[in-house]
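Heads up, the chain below is alone and in the form predicted alone; it's given as structure tokens.
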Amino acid sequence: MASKYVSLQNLKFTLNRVHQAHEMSHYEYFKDYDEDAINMMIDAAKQFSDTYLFPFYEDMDRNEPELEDGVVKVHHSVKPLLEAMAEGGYIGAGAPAEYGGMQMPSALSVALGFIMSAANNGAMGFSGLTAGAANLILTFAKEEYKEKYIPNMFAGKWQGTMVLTEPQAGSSLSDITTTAKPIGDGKYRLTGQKIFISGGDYDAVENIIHLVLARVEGAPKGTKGISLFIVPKYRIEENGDFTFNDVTPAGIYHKLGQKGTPAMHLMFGENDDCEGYLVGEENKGLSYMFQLMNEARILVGLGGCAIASAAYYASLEYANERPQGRRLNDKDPDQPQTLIVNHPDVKRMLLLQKSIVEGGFSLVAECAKYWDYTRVLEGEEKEKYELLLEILTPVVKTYPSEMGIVSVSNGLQVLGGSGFCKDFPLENYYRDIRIYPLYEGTTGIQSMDLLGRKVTMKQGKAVKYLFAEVNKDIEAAKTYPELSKYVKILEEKLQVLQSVTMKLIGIAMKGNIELFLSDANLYMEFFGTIAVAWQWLKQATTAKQILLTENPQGEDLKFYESKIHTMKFFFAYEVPKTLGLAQRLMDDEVLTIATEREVAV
């Protein structure tokens, strides 16, 4: 294993200097989180990860969960990990203090999650799922359910899950068939089966609290008839005893990656004895679940960045230790071999990894900051940040996930044949990250959401707010002549994005929705690259300001100069790819839509 998996200096720079996360302490709700507190928490999370997460990453992959005699057995490190996370307050970190939370700003919690996920991404699924499920209960469920479930969930004793997918209904949630029959006293009898349920059953916790989408008997067809239920594996009787709630593991999936976290096939109500408790109102379950899904989508993007970070530092370490060949202009075979980091193509791959990891994380932090503002502001200002969060959520889920794969693949290439072997962690990272474009809605789903819903919502108001944010940072960058070239490039790309968007909306206005969304994936790639270019210009502007006003020396000087250099790399190597994407998106030739005379594929 590599000795480093994350840069604390980069996290502190991104949070405190680029995004000014400490300014949230001006609000009463986040008053405890000034810059010193943020830095202290980041340092503590790294120490925690070095103890409970990073040492077990490889072994968890080699010893995946198994279903034996109805019991799912997970790695021995999971139970002490959950206990330690509960003791540190990490599971309920973002929750209000009155429910045992730490009222931590999202911008800080994503930084801590980045460290922990880079250390052991699979293990973080346990606590992350529980936190998301608990937050949903806190937001929409009755007070009695909050009191009943939240303390043990935050204590790491009870696991939380999100239960959506069925064998016949993946992304098409309107087709779910799990049913719920009212049986009085706010209780329902559930029957059905669900698949791909992460953390759906295992032996390191006392109970599993499922949040299940189901259809109440007689409910409208489609998504308008979906309700949300709390369904524990063991229901808790009035005297505190546990009773098995007829939630049975039917099987466990053995996966390409993410092997440490069990993914379950679950049966509900095989013996007609599965009780569920309605969250909120009937037929509004999908809208409630979207809170958890949107949180999860941001965290999926975070996870993609984190795995790519670990892979980047592993490949960087290898490149700085592995001698191979000589510089291309050095023809003397008697000269010693050079380290591969000195070869231009290897340096290009390393810079690509760095640009994806640090650019992607900055976009995650941007969204987290918007998320925080929605919790403390009111009126028009709150709406502004809600809309910014809406339009960027599919992007922040997709770009780090898709480009994270590219990043890790380049890291594996740096190692050459060694990267394909289990002696080094790159093959593990490569397997683990492949699921991220699939988690919480595939790239195709996210892309249709961005173009089909978010770009057009409220007459394009979200896009206008986003362009205003980008232009604000462009104006700040204009202060520094060294950045003027990149300011111009980004301004031009924003104009092209606007032209492409207007053309596509024109198609939608004619009623041809299939054509409108046929290349939504390409639009997502186009949009995401420009969004990360914005983040890189923002980082470079901050770095330039520090270089001119604070006179950093030594390693600090190298760090800030590297920021500007990596920004230049992203604009030189990644941003030009939008030319081809724009050309395709503006082209009227249709090649992927089914016609009467279908061409074989």
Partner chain sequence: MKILVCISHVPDTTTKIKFEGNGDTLDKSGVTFVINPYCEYGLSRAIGFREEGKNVSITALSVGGPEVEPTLRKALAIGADDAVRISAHPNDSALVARQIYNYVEGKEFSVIFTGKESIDFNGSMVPGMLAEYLGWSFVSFATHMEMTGEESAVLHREVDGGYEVVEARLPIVVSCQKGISEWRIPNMRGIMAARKKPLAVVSPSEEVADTLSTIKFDYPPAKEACTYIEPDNAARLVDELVSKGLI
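This is a predicted model, so every value here is computed, not measured. Positions refer to the first chain, counted from 1.
One more form of this protein, predicted in complex with the partner chain, exists but is not displayed; see below.
Novice: Of the listed stretches (529 to 537, 542 to 550, 27 to 35, 54 to 62), which one has a non-hydrogen atom within 4.5 Å of the partner chain in the predicted complex?
Specialist: Selected stretch: 27 to 35.
Novice: If you check Leu112, Ile252, Met448, Ala319 against the partner chain in the predicted complex, which one has a heavy atom within 4.5 Å?
Specialist: Looking at the other structure, the residue within range turns out to be Leu112.
Novice: In the predicted complex, which of the listed residues (Gly452, Pro151, Pro182, Gly89) lies with a heavy atom within 4.5 Å of the partner chain?
Specialist: Only one listed residue qualifies here, and that residue is Gly89.
Novice: Please tell me whether any heavy atom belonging to Leu67 falls inside 4.5 Å of a heavy atom of the partner chain, as the geometry stands in the predicted complex.
Specialist: The answer is no: Leu67 has no heavy atom within 4.5 Å of the partner chain.
Novice: Could you confirm whether Gly132 comes within 4.5 Å of the partner chain in the predicted complex, counting heavy atoms only?
Specialist: Looking in the predicted complex, residue contacts with the partner chain do not include Gly132, since no heavy atom lies within 4.5 Å.
Novice: With the partner left out here, check for me: in the predicted complex, does some heavy atom of Gly441 sit within 4.5 Å of the partner chain?
Specialist: No, Gly441 is distant from the partner.
Novice: Quick one: is Met102 in contact with the partner chain in the predicted complex, heavy atoms, 4.5 Å cut-off?
Specialist: It does: once the partner chain is placed as it appears in the predicted complex, Met102 has a heavy atom within 4.5 Å of it.
Novice: Thinking of Ala44, Phe48 and Glu555 as one candidate spot, does the partner chain come within 4.5 Å of a heavy atom in every one of them in the predicted complex?
Specialist: Answer is yes for this spot.
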